[in-house]
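Presented below, as structure tokens, is a lone chain in the form predicted alone.
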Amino acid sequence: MGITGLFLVSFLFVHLGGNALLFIPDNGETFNAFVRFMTTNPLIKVLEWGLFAGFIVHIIYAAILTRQNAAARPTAYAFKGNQGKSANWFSRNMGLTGTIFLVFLLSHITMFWGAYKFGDSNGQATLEQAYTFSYKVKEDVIVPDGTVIVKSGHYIDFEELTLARNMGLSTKPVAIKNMTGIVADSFKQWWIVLLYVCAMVVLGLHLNHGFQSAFRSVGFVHSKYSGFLSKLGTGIAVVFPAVFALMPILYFLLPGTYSA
């Protein structure tokens, strides 16, 4: 439980770094390039399965520990305040916060990854723009002799763009998928922004106890660094969710600055 928890925190760190590129007001050029790298790199695809396995193991062990704790004390406390002697609110409600965040995570994956991978086109751009801004092409690009130089669902590379330029087709408009556009369109809706902010509060509550507990679970406990880990865990529980929550807020309040 502790090992998978720390692994998932490392994923949050990487995810936060990538999503922070959304703060750059460059019409999504940098963020889209990051998305292209993450969705086409073979190593990343392997790591995605590792991440999926980490989530599954974490959830399974959470269920096992919950059942073990319930079996260890089948009779509930007569007075809930007694629990405070050995556990704070965060530790007693890890199952609740974890479950709420899991529901949000599934919605998040469907809304963005699912829409980007399986959804229809959300705009048009020239082949030149598709290459520059790392848009995924959502229709076959066919040259006059009938050859398909870019298949639907793929990115255009430099060789394909050069061929299109030589044939005078670089300004040809094509249907594209723009991840930054998906983000911008989603965060125009106030209820989605509110959902994300609330979910980040729940994430912070989960991390506040989970990070410190993970180190204790693997035996990494000592008076010299326990205080540091406690402060680090609280810092992560505040900073990570705050930055994640700031993204939808800015896209909602400043659509002219942060747009696709």
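Residue numbers here begin at 1 and follow the sequence given. None of these values were measured; they are calculated from a predicted model.
Although it is not shown, the form predicted in complex with ligand HEM is what the next lines describe.
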Pick from 138-146, 99-107, 153-161, 169-177: which stretch has non-hydrogen atoms within 4.5 Å of ligand HEM in the predicted complex?
-> 99-107
Verify the contact flag for Leu22: yes if a non-hydrogen atom of it lies within 4.5 Å of a non-hydrogen atom of ligand HEM in the predicted complex, no if not.
-> yes
Is Tyr131 close enough to ligand HEM in the predicted complex to count, meaning some heavy atom within 4.5 Å?
-> no
How about Phe244: is it within 4.5 Å of ligand HEM in the predicted complex, going by heavy atoms?
-> yes
In the predicted complex, does Glu29 have a heavy atom within 4.5 Å of ligand HEM?
-> no
Ok, Val202, Leu229, Leu51, Ala214: which has a heavy atom sitting within 4.5 Å of ligand HEM in the predicted complex?
-> Leu51
What residues, if any, in 165-200 have a non-hydrogen atom within 4.5 angstroms of ligand HEM in the predicted complex?
-> Met179, Val183, Phe187, Tyr196, Met200
